[in-house]
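You are given C-alpha cells for the same protein chain in two forms, set apart as structure 1 and structure 2.
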Structure 1
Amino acid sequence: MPKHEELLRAPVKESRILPLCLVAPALLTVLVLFVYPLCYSLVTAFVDKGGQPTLGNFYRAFEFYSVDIGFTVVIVTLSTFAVGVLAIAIGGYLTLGECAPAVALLRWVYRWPLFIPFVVAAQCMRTFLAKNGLMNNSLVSLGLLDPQSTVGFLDWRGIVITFVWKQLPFVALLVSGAMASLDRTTIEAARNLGAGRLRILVEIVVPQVRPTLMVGLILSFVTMMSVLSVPIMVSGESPTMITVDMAFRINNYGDYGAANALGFISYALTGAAAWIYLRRGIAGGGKP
C-alpha cells in the first residue's frame, strides 16, 4: 500500500478510537451501577437462596404485600393524574394569561421544587402538614381554623401532596414549553370567534401538546414508583408503598428474593405504563 494512503487512514482510525475512549467511562459506570444490578435483581427474583428456580418469592410478596401493591398503584396513579391537571393549568395560564405580573410571578415561583431532592421535600412536608405544623399554625393565626380542629395530613394524603408538589414543576416545564412553541394563529382565531380561555385550552392547546404531556407523566410515574424517602418519612402508617416493603424485607430479614420480586412487580407496572403510551403512539402514527 502506498505511504500516502497509510497516512490518510491513520487519522481516520484515531478519530474513531477517541470518541470510544471518551464514552467508555460513562458506559462502564452505567453497566456496573445500573445494568448489572438490574439484571441481577431480575434473575434473583426467580431463584431461591440455594440458586434453584422458584416462584416462592412472588408468593411471599403477594401474600404479605398485596394490599401495599394496590396502594402503590392507587397513590402513584392519583398523583400522576393530579400532576397532569395542574401542569395543564399552569402551562395554560402562562400561555393564555392576560395579567403580566401574575404570569411573571407564576413563571418564577412554580419551578422551585424542581431543584429540591425528594428526601428534603419529604422532611419539609413533615413539618408543614403535621397537626401542629406550619400549615395549620398559619391558618390558626389567621383566624381561619380553630386550634382544636386541626388535622394532620401525614398519611396517604401527605404522600400525594408531596409527590405532586415535587413532580409538578418538571411536567409543567415541559408542557408550558410545548404550549409556548405552538402557532398562535389558531389561538387568536378562536379568540376572535368568541371562545373563552378555558375552551381554547381544552379544545385547541391541550390536544396539540398531548405527546409532550404524556412523556412527562410517564417519566413522573416511573420516578414516583421508585421513591423511598417520601412514603417512609411522610407516612408511617399501613398500607405503605412497595419501596418501603423492599427496604423492610432486606433490612429486617435479609430476604433479597422477596424484595427483588417486589422490584420486578414495580418494573412490570412501570413497563405497562410505558407500553400503553407506546401502543397509543404506534396506533396514532407517532402521535400518542
Structure 2
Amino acid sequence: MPKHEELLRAPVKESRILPLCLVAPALLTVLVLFVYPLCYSLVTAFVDKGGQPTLGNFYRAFEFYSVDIGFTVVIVTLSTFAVGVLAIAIGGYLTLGECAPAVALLRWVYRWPLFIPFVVAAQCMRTFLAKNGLMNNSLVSLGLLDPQSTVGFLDWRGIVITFVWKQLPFVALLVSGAMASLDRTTIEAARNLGAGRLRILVEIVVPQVRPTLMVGLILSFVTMMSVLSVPIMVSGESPTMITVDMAFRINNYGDYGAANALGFISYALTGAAAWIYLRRGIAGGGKP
C-alpha cells in the first residue's frame, strides 16, 4: 500500500531539522549541567590556584588520603562483589526454585530496599548495627550471643552492609528479569541430563545473563563511589571514603584542587573497574 508508505516517510522527508530540535533541549541540559562541570573538574584537578598546570593537587591528595583511597577501593569492590554473588543467588532461586511458596515469599521480600534513599538506609543501619542496636539485642535475646561479647559494626563493615542492603535489590531485579526471559529449553535439557540446580545456574544461566549483570554491577559501583551520607552516618571514624574527604577539603579549606584530584581518582577507579569487568568478564562469582 503505497499510501501508507508515503505517510510513514512524509514527516521525515519534510524536515531533517525537526528531530534535532526535539532532542536539543534535553541534550543541551546534559551538556551544560553535566559534561561542562565534568570537564571543569578534570581541568581543575591539574591546575593550581593561579591557573598554572601542576600535579600538586594529586600530591596533596595522595599525601593526606592515600589510606582513604585504598579503603574506598576495598569497600566498593567488596560491596560490588557481594552484590553480584547475592544477586545471582536470588535470581537463580527465583528462576530455578521448585518450591512455589518460598519463591513467592523471596520475590516479595527481596526488593523492599529498592527505592529507599541512601540516607534512610544509613539511618536504619546506624541504629541496627550499633553495639547496642537491634541486631545485637535480638541475637543476645535468642541466646546466640553473649551480652559481654557484642561488638558494633559501625565501621567499614557497616558501610559494606549498608551498600549491599541498598544496591542488591536493584541488581537482583535486573538479573532475575534477564533470567526469567531466558529460553528454558537448555535449562530443561540440562536438568533431564541430570545436572544439579547449582550447576545449571553456574554453567548455563549465569553466562547468558552476564551482560545484564555487568551493567547492573557497574552502575552500582558508580553509585556507591559517589555516596556521601553512608560513610559519614555509618562510620564516623577514620579511615573513611574519599567522598567524605572531598566534602571536607571544600567545606573546610575551599581546596577545589585537591577535591577535584580526588574526584579524578574516583573517575579513574570507576573507569578501571568498568574496563576490568568488560575485558575479563569476571562478573559476580568470579567465574569465567
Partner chain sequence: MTAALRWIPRAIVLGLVVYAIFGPLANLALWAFAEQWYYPHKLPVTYGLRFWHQVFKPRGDALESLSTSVIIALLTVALCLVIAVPAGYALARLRLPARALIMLAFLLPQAFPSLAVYINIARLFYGLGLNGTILGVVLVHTVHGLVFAVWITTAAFAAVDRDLELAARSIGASALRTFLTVTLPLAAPGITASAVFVFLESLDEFTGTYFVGVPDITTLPLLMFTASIAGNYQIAAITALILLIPSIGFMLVVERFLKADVMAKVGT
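In this text the structure is predicted, and so the values were computed from the model without any measurement. All residue numbers here refer to structure 1's sequence, counted from 1. Take the two forms, superpose them, and find the largest set of C-alpha atoms that agree within 1.5 Å; that set is the rigid core.
Each structure shows the same chain on its own, and structure 1 is the form predicted on its own. Relative to the superposed core, Ala274 has its Cα moved 2.4 Å between structure 1 and structure 2.
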